[in-house]
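The data below hold one chain only, encoded as structure tokens and taken in the form predicted alone.
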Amino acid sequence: MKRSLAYIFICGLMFVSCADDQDDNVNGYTATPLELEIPPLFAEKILPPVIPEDNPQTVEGVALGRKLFFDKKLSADNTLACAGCHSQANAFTDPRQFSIGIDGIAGTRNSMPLFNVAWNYNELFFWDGRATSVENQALAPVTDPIEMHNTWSQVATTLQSDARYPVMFEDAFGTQSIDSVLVTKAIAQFIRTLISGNSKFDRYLAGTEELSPSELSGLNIFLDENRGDCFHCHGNPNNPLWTDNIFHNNGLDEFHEDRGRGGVTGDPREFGTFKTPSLRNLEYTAPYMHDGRFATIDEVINHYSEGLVYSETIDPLMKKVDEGGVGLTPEEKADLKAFLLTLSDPEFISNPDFQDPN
């Protein structure tokens, strides 16, 4: 008899639990899961992307993040969106040396391109690594006095008063209450969809396209320690990211007014070190370096060939600094540039899924 009562009691609990689940399904809302479209080469050669457990990719979250990314309402005077400094035509960077904020003030660093950020395994973002996630990265521009010059409380009020946004937030996150956490989560979800993996070189590796003799020569120069010697920081064909996402002093200056990573950590050994940018989409991302000092790829190649400058924190990988650089011939420079251009992905800069939905 006791056994039967216990059985009935357990069944009753199970029924209540199931009923609660059913009520949740009826009265609650679960956003639609969305898998990232991972290029086959990425799936084959590197680890899966980094997706936070508390911010999974969803159809509704990405749609909301995309709208927010292009919405000028995030700025104090409604004139500047994230896309204002991260243009799709430029692989989501800024063609200007320094971006201009809403008060007409220029920054001091070139805007970094936004693609393949979900594979940044150390999760340190910006040139100096001061942001520790894609979500955290999206926080800073809104309140930066020389960028959007706004407050998050004002952003929340502005978005809350727009009839479209509370519904979109409820669809994405199950609440109509808008705050900085949910705004940056949505923007991060959209940014993680910005995947570039269909360059000419990707197709070459897949066996569907051939490289020219000049491009193949450039690849060999890139991988040759006695010539280009580029692969230590930017990887090789087994690394489709074309960056190590680590911080290096690449011999730009003798003294470092901008301390880079060292300005964040306070470590003098890191003064003048900056994150290695990806070599993907170089055709679209000029100007180059953290301060946009080089307007062309040719200038970048010339820097490593004969323009290296010694400083106390210069990376040991810049081993020919005493000679000014690796000393490429004009033909080698042309071939190296030809190879680098094969890493550009025209499909990425024209993908309609990444365009302004407003």
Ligand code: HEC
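Quick caveat: nothing in here was measured; it's all calculated off a predicted structure. Numbering starts at 1 and runs along the sequence shown.
One more form of this protein exists, namely the form predicted in complex with the named molecule; it is left out here, but the text below deals with it.
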item: All of V62, D171 and Y284 within 4.5 Å of the named molecule in the predicted complex, heavy atom check; value: no
item: In the predicted complex, P240 touching the named molecule (heavy atom, 4.5 Å); value: no
item: Exercise: N110 in contact with the named molecule in the predicted complex, heavy atom 4.5 Å; value: yes
item: Partner proximity in the predicted complex: F201 to the named molecule, non-hydrogen atom cutoff 4.5 Å; value: no
item: Any non-hydrogen atom of M318 within 4.5 angstroms of the named molecule in the predicted complex; value: yes
item: Which of 134-142, 208-216, 153-161, 261-269 lines the interface with the named molecule in the predicted complex (heavy atom within 4.5 Å); value: 134-142
item: I178, C230, A76, A91 - the one with a heavy atom within 4.5 Å of the named molecule in the predicted complex; value: C230
item: Residues from 85-102 in contact with the named molecule (non-hydrogen atom within 4.5 Å) in the predicted complex; value: C85, H86, S99, I100, G101
